[in-house]
Every structure is written in structure tokens, then in C-alpha cells.
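Below are two forms of the same protein chain, given as C-alpha cells: structure 1, then structure 2.
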Structure 1
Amino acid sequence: MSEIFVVVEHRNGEIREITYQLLWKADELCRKGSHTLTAVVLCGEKENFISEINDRADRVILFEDERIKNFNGDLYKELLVRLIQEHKPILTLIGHTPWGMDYAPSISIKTGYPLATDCVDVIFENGRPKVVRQIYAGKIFSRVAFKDSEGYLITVRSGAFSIDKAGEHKGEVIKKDIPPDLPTARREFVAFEDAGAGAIDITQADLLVSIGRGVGEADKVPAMQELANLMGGVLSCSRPVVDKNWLPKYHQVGTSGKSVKPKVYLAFGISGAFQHVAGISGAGCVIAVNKDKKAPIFRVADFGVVDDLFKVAEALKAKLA
């Protein structure tokens, strides 16, 4: 019986959602293949992470040291390489995040394990993993196989899996000491600055009225703000709106913006690129309005309206006035 590693990601003392998504998928793979699910935690001294994940994994390998309280790719890479070489897990799951994109390629080079990045699914066939990736801007899903290897590395896109607890686990905690010969890091953590912080917090809204490139021009944004106000919601947007300086960064939903969990998410003129869809995976109900009936947003929407967004917006205003 082999192991599946999940590298735990945390920031400012909190475990990030991508970790729970990885643990959910790892549980599924472990049950089907009779593998052991091992969570790997690199954190500062006495950070309270174990209680949050030990019921989601069979084993928790813990490194505690103030040098790794905050992310440092140099140190994380060295510790993970040594751990993988020692345990030889068949699979190591890493978030496709700035963390994962920093150290996953280095781990692949040092261990010789093949790496697949930005995956939206992982499956086993005949004892070997295959991954599903999106290509051509998300229009096609491709299934990718690996060359034969002792182990495999996979970075997983945020929002690809559920964050729910899965399976019955009683994680045995194994504490490991930092090796005395660990190289000195070439970089140093200074501070974390939330570039998305601003006058409003879209992550706390129950109703989001979100706009995309389909609004056309900056002078159309106030009309959508009016609708959000009438509905008692908050105005949010996709990345193109921020790139065009129509709204500040703190309104942005997506992998480079904020992940949101509103009860209702109204998407007006948003095509539904995977970066945006990843940010709304926690939404209760998604309602999409777009003139293009083939827009990817309709794949994830609970309800869809194929029509001019301003026609729909004005109809809603008339009902609410």
C-alpha cells in the first residue's frame, strides 16, 4: 500500500481552501486504490492546523519551525524533496497557486518525478495516474498520461473539487525535526499585503451582481451598480473590468481576485473563463446572463438567460422600483 501526499497550504494563520479541495480528492483516490492519505504541514511553532485536518487524513507529517511559519520556496522545496525521497509516495498533490508554482518544478527536477500542472481532475487507470487539463482557453478537456515513474507530482487548479470533509480519518500526527543541514534560504519573508483589500469586501456578500467585459464601456458600470443597490447586493466583476480600470481590484472575482461564497451570484456579460469560475465554486446559486448561448459560464450556472444583459437588468429594476 502506497501513500498519497497532500501539501497543506496556509496563509496568515489560516488553512487555505485549496488544501481542503486536495484532501477531498485525495480521499476519493485513496479509497479506490487502497492508498494512505498523508497531509504534509510546514508551519510555525504551535500553529493550530492539526485539529483542522487530522480528521481528513490518515497521517499528518508535521514540521514546526519559525523559519517556515511563512512561505519560503527555498526551504519548502528542500524539506519536501527529502520527505518525498524518504516516503516515495505514488502521488503528491499540490495547489496550483503561487506557492505550488514556485516549488513544484524544482521538486520535479530534484526527484525525477514527472509533473503535470493546472489540472482539473485526477484519475487512476491500471494503477497509474492520469490527469485532466483544459486547453484552448477551456474549450477542450484533455486527458494526459505520464511516463512510467516511481511517483508523480500534480498541481491542482483551485475550485476543481469540493471542500467538504470526506471519509473517516483519524490522522496520526508524526512530528519531524528540521534537518540541521538545511540550506540557508536565499530570500526572506517581509510582510503580506492583500492587494485586493478595499472599501468593500465581496467575500462577505450574500448577493453579488457581477459584471464582465460584456457591459461594453465604463459609462455602463453605474447602471449595474444601481441594480446591485436595488437588490441589496454588492457589485463585483471579472478581471477584464479591472484591467480596463472600470472598477478597483477589490471588486474582482477569480483566481487573481477573490474567491466568493454568496447565496446568489448574478453574472452579467461574463464569458466564464476558468480563472473566474474557480472563484465562484462556493456560490449557492449562479445565474448567468449572456448573449452568447455557447459562453462557458452556462456550464456552471444553475439558471441561464440568453439575452442582452441591459434588457434583463432594466426588467429587474422595473420590478424592484
Structure 2
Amino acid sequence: MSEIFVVVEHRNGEIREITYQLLWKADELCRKGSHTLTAVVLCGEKENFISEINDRADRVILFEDERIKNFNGDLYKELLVRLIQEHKPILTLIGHTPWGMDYAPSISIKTGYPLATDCVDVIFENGRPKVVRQIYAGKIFSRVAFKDSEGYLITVRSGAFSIDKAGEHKGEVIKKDIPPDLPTARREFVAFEDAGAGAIDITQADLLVSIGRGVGEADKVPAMQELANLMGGVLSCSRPVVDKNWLPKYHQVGTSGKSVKPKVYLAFGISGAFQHVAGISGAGCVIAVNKDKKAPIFRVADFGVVDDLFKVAEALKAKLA
């Protein structure tokens, strides 16, 4: 019997959903393996996150300090490494988020605990965790084992587990002092900025005509805009289209863009990376057009068309003209 740690992620005074997903999985693993669940909160003074999580953990370890009001990778690393060395939890679960990616590998190097990242499942076999990961853009799954260790670190993909409360817990709150020898951070938070605001709001559309890498070049984008107009829809896109500057960021659907909830989401040339798919879970119906029959988008689409997207787009235009 040992402890399982969950590191709580929060931003702007709100707990992020990934935290609840980690707690849900940790609860299951604790029950199966007779472990206890410890949530670790690093936050500013009087941020008051306790009431939102202490019914989901057996213990809440709380570090409160204005230096960690906003995420700080340097300080998270320092505090968590010391805490892990003190408690030796069998498993520490961290979100595979931009912040989790910032400090989980550092902790692995510092503690020597092996790390598996971006995991979609975690199981215990003979007292040792194993994970399932998705590789090659979700086309292949991989079951991964760890070398023998006192403790293990796992970062978990957002959306892999439920946000529901599973078991009953009554978290005892343990307030920890910030060690006086905490080093000065080499990176300091300045501000959050909204990079996704813009001329149109894709979150309010009934119909999104969405384009991906398959569109091929910037010159082809106006024809798809024309189709969106003809259909009475709004043009949106996946990440590569914004990366290549074919469309501004406010068109982007997905974890780093917007989550959308149209009645119909019509995806042209979008392969369906999980970051994109996570943004369309609220869509009423997904129709995907893609040349690649094995594209992951077809796993989540309601309807699929395996064809050249421009042929289908032209045929739609012909019907609507």
C-alpha cells in the first residue's frame, strides 16, 4: 500500500478539468491497489480550491504562496521533487498539458523516477504501472512498461478519463510550508493573453465547414470559404491551416483553439488528431471527407466520404448554385 499523487492544475482561480480526470483515474487505481489518494495543490494565498477537491481525495497537500499563484515550472519542480522524495508515492499523475509538459520531465530527471507521457490509460500489473499511449497520430496504440523503480510518473492526455466523482473521500488537508531555501525562479509569469479572439465566432455557428491540411495550399482556401457561404455555414479549420497562415487563429477548432458545438460539422481534409477531435465533441453530427480511409477522423465521424475533398466541394456547390 502506498500513495498515489495527483497534481492539481488550475488557471485564473479555476481548477482545470484535467484535474478531475486525473482524480477519477487515481480513485480507480487506489481502490484496486489499496493505495491512498493524495491531491497536491500549489496555489496563491486563499485561493480556496480545497472545497472543490477534498471529497475526491483522501488527503490534500497544500502549498500556498503568491509566487505560485500562477503556474511556475521552476517552483513546481522544486516543491514537487522535495514532496515526492519525502512521501515516495508509487505513482504521480500529472496532466499532459502545456504546463504538465513543462515540469514532469524535469521531475523525472531530478527524482530518477521513470516517466511515461501523454497516456490514455493506466493499469497496475504486479504492483507496477503500465500505460497505453497513442503513437503515429493515433493510428497505432502502444502498451508501455516501466523499468523497476520506487515510484513512477505519468502524464495523462486530456479527455482520456471521466471528470465525474467516483469514490467517496474525505480529504484531510495538510498545509505545507514553503521551504526557506526555495530558489528564485528563472522564468517569471507576465500575463495571459487571448490569442483566439477575432472577427468571427465559430462557437455560435449551426454549420461549420471546416478545412484541414488536406486543402493543400493557401490558394484553395477562398473556394472553401465560398462553399461555406453558399451552405450558410461558417468556415473553421484545424491547426495546420493556422500554422501555415492560411487562416487566422480565430478560425481554429481544437484544444489550442476553440471547442465548438454546431448541429453539423463538415470536415474537409482533416485527419482528426486528438487535439482537434477534442474540440468537436459537442457537435451534433460530424461528416468527414478525406482521401485516407484510415484517417482517425472517421473513428469519430457519424458519416464519412472517402474521396478528393475538392470533388465533393465542387459537387456541393453545383447543387447549391
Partner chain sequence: MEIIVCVKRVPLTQEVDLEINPQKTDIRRDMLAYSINEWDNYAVEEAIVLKEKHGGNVVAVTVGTEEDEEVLRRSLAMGADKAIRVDPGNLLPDSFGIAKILAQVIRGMPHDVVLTGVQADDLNEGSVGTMLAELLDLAHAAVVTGVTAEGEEATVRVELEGGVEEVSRIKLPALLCIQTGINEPRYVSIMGIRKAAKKELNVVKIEDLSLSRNDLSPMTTVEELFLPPETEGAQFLEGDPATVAEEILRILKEKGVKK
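Residue indices: 1-based, along structure 1. Keep in mind that this is a model prediction, so the values were computed, not measured. What we label the rigid core is the largest C-alpha set whose atoms superpose within 1.5 Å from one form to the other.
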**Asked** Form predicted alone, is that 1 or 2?
**Response** 1
**Message:** I want to check residue 233: does it shift between the two structures by 2 Å or more at the Cα, with the core superposed?
**Reply:** yes
**Prompt:** Just checking, between the two structures and with the core aligned, does residue 85 shift 2 Å or more at the CA?
**Reply:** no
**Prompt:** If you line up the core, does residue 115 shift 2 angstroms or more at its C-alpha between the two structures?
**Reply:** no
**Request:** Could the core-superposed CA displacement of residue 314 between the two structures be given in angstrom, to one decimal?
**Result:** 13.1
**Message:** After superposing on the rigid core, what is the C-alpha displacement of residue 299 between the two structures, in Å?
**Reply:** 3.8
